[in-house]
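Form predicted alone, single chain, as structure tokens, below.
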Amino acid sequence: MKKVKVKVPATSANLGPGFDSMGIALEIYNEIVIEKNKPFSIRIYGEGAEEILTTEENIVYQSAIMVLNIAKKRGFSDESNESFSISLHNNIPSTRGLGSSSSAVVGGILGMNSLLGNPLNIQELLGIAVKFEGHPDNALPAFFGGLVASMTEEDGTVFWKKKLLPEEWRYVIVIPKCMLSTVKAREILPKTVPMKDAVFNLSRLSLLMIGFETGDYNLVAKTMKDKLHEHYRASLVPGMQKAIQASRELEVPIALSGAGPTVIGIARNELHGSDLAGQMMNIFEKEGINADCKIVKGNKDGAMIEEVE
């Protein structure tokens, strides 16, 4: 195999109380094409084409090189594989809280591992992804699809469980046109939190998981709330806190997606999704937030690898 394409879904992490520990995969995709034995080049099409690095600092390249270096030590590669080209066809908005960096890392890791004959096992690949991302909440849904709860042991071992999302539910994502750096969104978080806020999240997270497991929409709406990160990050975008609160008054599941600024709402079905999208967009416009909106299905299968002729 000389050329491979990896189709990686967008993800929405945290879902309210599941800070850094859970996320879902969505049917928006980036495609990463890697071709070995080619002069180094990185071509980017679509979302973020003008902002993403095309040098060796590009994270697709960096993640692919990490796999290549491990494979070389095990005798799975030689110098003929060290030069390769990358093409990125992006549909996931960059720096909006929809896992664009995770999709890049997962694509680079899976693409290179496939080209080399899969010398690294899944636990090793997950470990590399978590090293790049710092936590598994976006990377694992990108790998596996569905809803994934995860944790990382002190030795780097990653544990996870996947649950398929209710087939009929739809995900309304309101995407503000402003960018929000993940670094900045993490820096604003406090070093310590009140015990009552930790208990607030823990109690809701346990019931949120049961809500997803049983398809109990009302329970998910009641529990998809947070006090550890959301209001701090929402404060970085004028009007965002009011918009989220007003959206929650619609009695639907609403949360900041990842580090933001995207907000995700869950609808019962396609028709409800159209109604919810209109209501949320009206709320955001009222708060002076210029945004786009998409209604998407949940992704079931995660990243898909395809050999390219």
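One rule holds for the numbers: they count along the sequence shown, beginning at 1. Model, not experiment: these values are computed from the prediction.
One more form of this protein exists, namely the form predicted in complex with ligand HSE; it is left out here, but the text below deals with it.
Novice: With heavy atoms only and a cut-off of 4.5 Å, decide whether Ala259 touches ligand HSE in the predicted complex.
Specialist: Yes, Ala259 is a contact residue.
Novice: Using heavy atoms and a 4.5 Å limit, would one call Asn138 a contact residue for ligand HSE in the predicted complex?
Specialist: Within the cut-off, so yes.
Novice: Taking the shortest heavy atom distance, is His231 within 4.5 Å of ligand HSE in the predicted complex?
Specialist: No, His231 sits far enough from ligand HSE in the predicted complex that none of its heavy atoms falls within 4.5 Å.
Novice: May I ask you to check whether Ala25 falls inside a 4.5 Å heavy atom distance of ligand HSE in the predicted complex?
Specialist: Looking in the predicted complex, residue contacts with ligand HSE do not include Ala25, since no heavy atom lies within 4.5 Å.
Novice: Within 4.5 Å of ligand HSE in the predicted complex, heavy atoms considered, which of Lys163, Lys222, Lys131, Arg186?
Specialist: After the contact test, the surviving option is Arg186.
Novice: Note which of Asn201, Asn91, Ser87, Thr182 lies within 4.5 Å of ligand HSE in the predicted complex, where distance is taken over heavy atoms; exactly one does.
Specialist: None of the other options qualify; the answer is Thr182.
Novice: Thinking of ligand HSE in the predicted complex, which stretch from 65-73, 280-288, 38-46, 251-259 has heavy atoms inside 4.5 Å of it?
Specialist: Looking at the partner contacts, the answer comes out as 251-259.
Novice: If we check ligand HSE in the predicted complex, which of the residues in 2-21 reach within 4.5 angstroms of it by a non-hydrogen atom?
Specialist: Contacting residues: Ala13, Asn14, Phe19, Asp20.
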